[in-house]
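Presented as structure tokens, the chain that follows is alone, the form predicted alone.
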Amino acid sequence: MLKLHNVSKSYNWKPALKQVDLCLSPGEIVGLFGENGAGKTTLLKCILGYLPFDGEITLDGHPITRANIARVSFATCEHSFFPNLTAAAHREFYELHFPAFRSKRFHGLMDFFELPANKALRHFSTGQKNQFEVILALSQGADYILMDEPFAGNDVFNREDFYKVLLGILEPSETVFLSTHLLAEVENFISRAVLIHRGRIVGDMTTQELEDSGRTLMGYVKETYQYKSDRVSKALSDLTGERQEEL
């Protein structure tokens, strides 16, 4: 189990995370949702140890250190690979450093995305780079796979097909923690929705609980964030009113 207890993080005294408590169990596919600046990326980077934080993050009761960090992988649209190496060279590097590396999965996903094995990553398109990030994260052999907007720059058909493939290849012990704004696309893919707002966890429900309560994921998010349905019409009224006054 990946457990966060009372995790807080500030940038120049400005809070980014506020006393976050969260548990991720084996076999879950968890969506992390929130507006821009809510703390999603900061939360993921704290789990990985990329950022210092207050509080406690443990993996099966132990702090995440060099001894167990291989059990956690990360796919980010910021890109964390070596741009001058080929995909094949990355595979060799990962096989050398991660004993649980899944070579068969790597080759299968490379074929699925139709990515060239002997081309330097710097020559990949943005979409291809993001696809390759996901391939590395899924092939590392990690138990907890963190993804931060992994499909930026990919078309809707690639994303939809990938979700189906992912559901088919994940082992019962693998957990996916996915930060994304694409609620409609992942609603039938995730098993649980975690909502973060201004650094605090403000919602946490399984999709089964949502279904039992007769709510959609989008409805749950709008309800939790107290979305004002008249926001657009009010803004248009104000803007058109200003334009008429100028005339």
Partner chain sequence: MSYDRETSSAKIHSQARDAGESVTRGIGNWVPPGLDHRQEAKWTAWAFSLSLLYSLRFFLALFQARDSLFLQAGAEKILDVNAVMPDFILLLRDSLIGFPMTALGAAALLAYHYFYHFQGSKSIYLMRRLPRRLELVRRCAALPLLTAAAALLAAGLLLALYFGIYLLVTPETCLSSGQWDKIWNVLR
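Numbering follows the first chain given and starts at 1. Computed from a predicted structure; not experimentally measured.
Note that the form predicted together with its partner chain isn't included here; everything after this is about it.
None of the heavy atoms of residue 105 is located within 4.5 Å of its partner chain in the model of the complex. Contact check for residue 164: no non-hydrogen atom falls within 4.5 Å of its partner chain in the model of the complex. Taking non-hydrogen atoms only, residue 45 approaches its partner chain to within 4.5 angstroms in the model of the complex. The shortest heavy atom separation between residue 111 and its partner chain in the model of the complex is within 4.5 Å.
Using a 4.5 Å heavy atom cutoff, none of 159, 172 and 179 lies near its partner chain in the model of the complex. Between 209 to 217, 27 to 35, 189 to 197, 46 to 54, the stretch whose residues reach within 4.5 angstroms of its partner chain in the model of the complex through a non-hydrogen atom is 46 to 54.
Annotation for 87 to 101: interface residues with its partner chain in the model of the complex are 88, 89, 91, 92, 93, 94, 96, 97, 98 [heavy atom within 4.5 Å].
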